[in-house]
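This document opens with one chain alone, in structure tokens, the form predicted alone.
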């Protein structure tokens, strides 16, 4: 019954924008998280992606969307069905790195293109890179590396760090430690999906730390920040945008005010594409966009640029068109590195309140034209 329901969801939001270069639509399979914990992330990626297609008009792209429910085994089943039955040319949409690790290698091994609007595990950036895998967001470590660099500039000397025990969590702490020059008062891996952080907060209290760095995306971050704020601990907190993004801040509320976080995108990046994206997204969906929405929007526009330039069935030409990244990004200048991951600026943001809305503003650039630590291991 659940499988049938997913098919109905997919059919109801299928978008056929027009004929492709060869007279056929380029078929895209979007597997993302649309229910349960973390659904807001997948919804934002989907909405940003579909907004770009809508604005492009006759883009020659057909999208089938499925809900992975944040389950790796379901994501694999959906990918197999899309490749074998739906005959998709391109896959996209996955939020979580453990799901990406389950789906991406098998998809690229079958000659399919995968465009990641979010997950960027280190294993796929280095030795496990593939010429058909393009990450349009970041490599997992990047925003955490920027947080480590910011912590140095803020004068922190003894950080307590924590993240969930899954690939992106391990990349997060590795990234922070790569750039942070101080000592660690403690290092913890929590359970993925955990909502009670009383034990971790007790350890922070007793640790002697002068700062806290955490990566807890989605509902995990909401739970932690609320409990941390109510604990009476008065240590500064720094983290990546994933725990301080637009879809999360309203749920966290006053507890997030003033917190510094790192991101490759924000709504106040000053370029015409970003200004138009923020305005049109808000007009269509009735909410401010998140970085996930911006990543979905950029992923679709990258794909549109490649479809205009080459036939997806000519793999070499289509790959070259993707690599060229000939599109206007919400981030401004956009380029891929040698492992098909972005080279980009990463900013420090501060949580503020505009009227009744909690949001972020850019206050500094942490890393300029930053690549990732794994590109040298990629042999493409």
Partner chain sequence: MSLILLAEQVLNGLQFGVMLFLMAAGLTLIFGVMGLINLAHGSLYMIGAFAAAGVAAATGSFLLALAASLAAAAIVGGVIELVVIRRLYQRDHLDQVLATFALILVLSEATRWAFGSFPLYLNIPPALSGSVRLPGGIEYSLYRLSLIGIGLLIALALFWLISKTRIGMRIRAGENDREMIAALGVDISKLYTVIFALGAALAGLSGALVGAIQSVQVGMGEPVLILAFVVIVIGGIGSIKGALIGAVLVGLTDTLGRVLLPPFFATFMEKSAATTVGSSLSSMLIYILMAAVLIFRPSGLYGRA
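Residue numbers count along the first chain shown, from 1. Values in this document were obtained by computation on a predicted structure and should not be read as measured data.
A second form of this protein, the form predicted in complex with the partner chain, is not displayed here; the remarks below concern that form.
Enquirer: Heavy atoms within 4.5 Å of the partner chain in the model of the complex: which stretch in 251-259, 295-303, 82-90, 110-118 meets that?
Expert: Only one stretch qualifies here: 251-259.
Enquirer: Of the options 343, 39, 64, 315, which one has a non-hydrogen atom that comes within 4.5 Å of the partner chain in the model of the complex?
Expert: By the 4.5 Å criterion, the partner-contacting residue is 39.
Enquirer: Between the options 157, 287, 127, 308, which residue brings a heavy atom to within 4.5 Å of the partner chain in the model of the complex?
Expert: Of the candidates 157, 287, 127, 308, 287 is the one lying within 4.5 Å of the partner chain in the model of the complex.
Enquirer: Check whether residue 195 has any heavy atom within 4.5 Å of a heavy atom of the partner chain in the model of the complex, and answer yes or no.
Expert: Heavy-atom contact with the partner chain at 4.5 Å: present for residue 195.
Enquirer: Is there any non-hydrogen atom of residue 222 lying within 4.5 Å of the partner chain in the model of the complex?
Expert: Yes.
Enquirer: Is residue 153 one of the residues lying within 4.5 Å of the partner chain in the model of the complex, judged by heavy atom distances?
Expert: Flag for residue 153 set to no.
Enquirer: At the 4.5 Å heavy atom threshold, is residue 101 in contact with the partner chain in the model of the complex?
Expert: Residue 101 lies outside the contact set for the partner chain.
Enquirer: Each of 34, 191 and 247 within 4.5 Å of the partner chain in the model of the complex, by any heavy atom, yes or no?
Expert: The answer is yes: all three residues contact the partner (heavy atom, 4.5 Å cut-off).
Enquirer: Does anything in 198-213 come within 4.5 Å of the partner chain in the model of the complex by heavy atoms, and if so which residues, in order?
Expert: Contacting residues: 198, 199, 200, 202, 203, 205, 206.
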